[in-house]
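Take a look at this one chain, the form predicted on its own, written out in structure tokens.
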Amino acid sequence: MRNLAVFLSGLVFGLGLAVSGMTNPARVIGFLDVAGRWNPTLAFVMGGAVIVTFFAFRLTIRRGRPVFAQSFELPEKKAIDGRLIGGAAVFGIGWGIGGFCPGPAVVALVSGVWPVFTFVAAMLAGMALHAILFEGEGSSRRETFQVRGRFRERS
């Protein structure tokens, strides 16, 4: 049942990306081209996602635990540091060059276009390189985080 929920969630997410046109790199690059022919449609997609997430997250976290897991795994790190800024910069540069971020790129694989496969292959190589270079660095696998006033330990 959990796998079905994961599949359906991914399907809805992918359909949302496809219907909104976010799998088209030209649309994303048009949004980032604020000095040229700016296309604001991505701002509406992002705004809609933020509004839905704002309310849905608050409703979900009130449950105390997920439907198919024992506890929520929420990020506990709040500090903005050099690694976060550097990672965001690399992500933004890649997004601006390719016009894809990971979700739309995976959805766009169904297009069968070679540049999409190249992007996803490069993304997977970057993820593997990160895992090799930084796995376990900066934090242990046992971290404490708080959900609605209760502390839980993640292993």
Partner chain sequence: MGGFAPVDGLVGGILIGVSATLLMLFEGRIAGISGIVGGLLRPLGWRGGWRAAFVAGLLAGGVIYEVFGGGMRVQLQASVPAMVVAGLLVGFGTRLGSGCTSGHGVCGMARLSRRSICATLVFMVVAMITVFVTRHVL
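Numbering follows the first chain given and starts at 1. None of the values given here were measured: they were computed from a predicted structure.
The form predicted together with its partner chain exists for this protein as well; it is not shown, and the discussion that follows is about that form.
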Checklist line | Any non-hydrogen atom of Gly36 within 4.5 angstroms of its partner chain in the predicted complex | finding: yes
Check: Is there a non-hydrogen atom of Gly126 within 4.5 angstroms of a non-hydrogen atom of its partner chain in the predicted complex?
Finding: yes
Is Gly64 a contact residue for its partner chain in the predicted complex, using a 4.5 Å heavy atom cut-off?
-> no
Looking in the predicted complex, the residues of 3 to 33 with a heavy atom no more than 4.5 Å from its partner chain, listed in order, are Asn3, Ala5, Val6, Phe7, Ser9, Gly10, Leu11, Val12, Phe13, Gly14, Leu15, Gly16, Leu17, Ala18, Val19, Ser20, Thr23, Asn24, Pro25, Ala26, Arg27, Ile29, Phe31, Leu32, Asp33
